[in-house]
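In what follows, one protein chain appears twice in different forms, each by itself as structure tokens: structure 1 and structure 2.
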Structure 1
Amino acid sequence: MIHIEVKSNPEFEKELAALGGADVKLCFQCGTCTASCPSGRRTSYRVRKIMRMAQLDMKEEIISSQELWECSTCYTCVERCPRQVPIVDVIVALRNMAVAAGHIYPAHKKTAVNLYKTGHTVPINDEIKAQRKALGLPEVPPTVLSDSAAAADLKKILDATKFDVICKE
């Protein structure tokens, strides 16, 4: 018989709860989430595994794993969970922990930097402006790019939530 020693980590549990993942303990590992997950059909992602690791306080293993980022946040798991566990909230909480600990992929960081600098996750370049014009649209969409007040409001929100921390080297 194999014995696995599981040590409780109350700090991890408090941190996860504070970020919106307290209900992870409600999961009874039925596997409905994994069986219905569209991402799991195409990747190694197994939401049940992540949920179990969170229940076992395996913070470092979770926040450094690629699997954490394979969830598309489609909410299929939440809709089908017999215990109504807010699984996506748990995943988002774990991702927030990962980012806070410096575990962020370069592509995600680039997206965050673009959002912080321009208000868009994908910058509007000359090619996109030309395509928009050819379609009879304004070159710049009616978003924060063309509304300085909205851009200032977004910047205030990003600064208030310390979003800029993600963007630093």
Structure 2
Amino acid sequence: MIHIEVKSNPEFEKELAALGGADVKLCFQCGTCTASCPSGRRTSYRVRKIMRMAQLDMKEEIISSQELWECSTCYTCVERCPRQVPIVDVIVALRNMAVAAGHIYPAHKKTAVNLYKTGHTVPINDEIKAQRKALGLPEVPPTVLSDSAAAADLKKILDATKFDVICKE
């Protein structure tokens, strides 16, 4: 029989709590979440297992897993959890830790870079400008895209909260 020793990690618990995931401790492992999970039905992702691993402070195993990124944040589990565990908030907190440790998918990084560079997650292009014009809308929407001072403000916020770190090569 293999024994795996699980050491408690107060640092991890503190970090998880600061990121909004403290209530993972309420989970009593009933499995309602996994039974409801449309992603788990299609992948090896088991949300109940992630909740238990978080309770057991298994930070490294969680943040290096692919499963952590297979939640579509549909909230079906949150609606049904009998312990009202804010499951999506826990997943979000764990993903924050994963990204801080350098675990980020290239496609996600691209979205982050789009936000950093343009203030939107998808870029504008000539085709869209033409479509907008044909509809009688301003070619460029009245967002940060058409207001350089507002765009500069947003960038300051992104920098002040260290979002630029994620966007670096």
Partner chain sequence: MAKYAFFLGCIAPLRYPGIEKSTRVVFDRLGVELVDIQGASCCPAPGVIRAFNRTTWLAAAARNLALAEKMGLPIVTICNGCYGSLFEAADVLAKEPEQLAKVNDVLKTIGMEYKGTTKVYHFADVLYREVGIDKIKAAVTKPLSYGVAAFYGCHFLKPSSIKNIDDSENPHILDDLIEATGCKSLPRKQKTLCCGSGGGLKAAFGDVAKEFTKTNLENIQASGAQFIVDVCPFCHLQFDSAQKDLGFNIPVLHLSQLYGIAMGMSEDELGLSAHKVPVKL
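Computed from a prediction, not measured in an experiment: that's the story for all the values here. Just so we're on the same page, rigid core means the largest C-alpha set that superposes within 1.5 Å between forms. Here, a residue number simply tells you its place in the sequence of structure 1, counted from 1.
Structure 2 is taken from the form predicted in complex with the partner chain, while structure 1 is not. Glu139 shows a C-alpha shift of 2 Å or greater between the two structures [criterion: core-superposed Cα displacement of 2 Å]. Relative to the superposed core, Ile157 shifts its CA atom by 2 Å or more between the two structures. For Ser148, the CA shift between the two structures after superposing the rigid core equals 4.2 Å.
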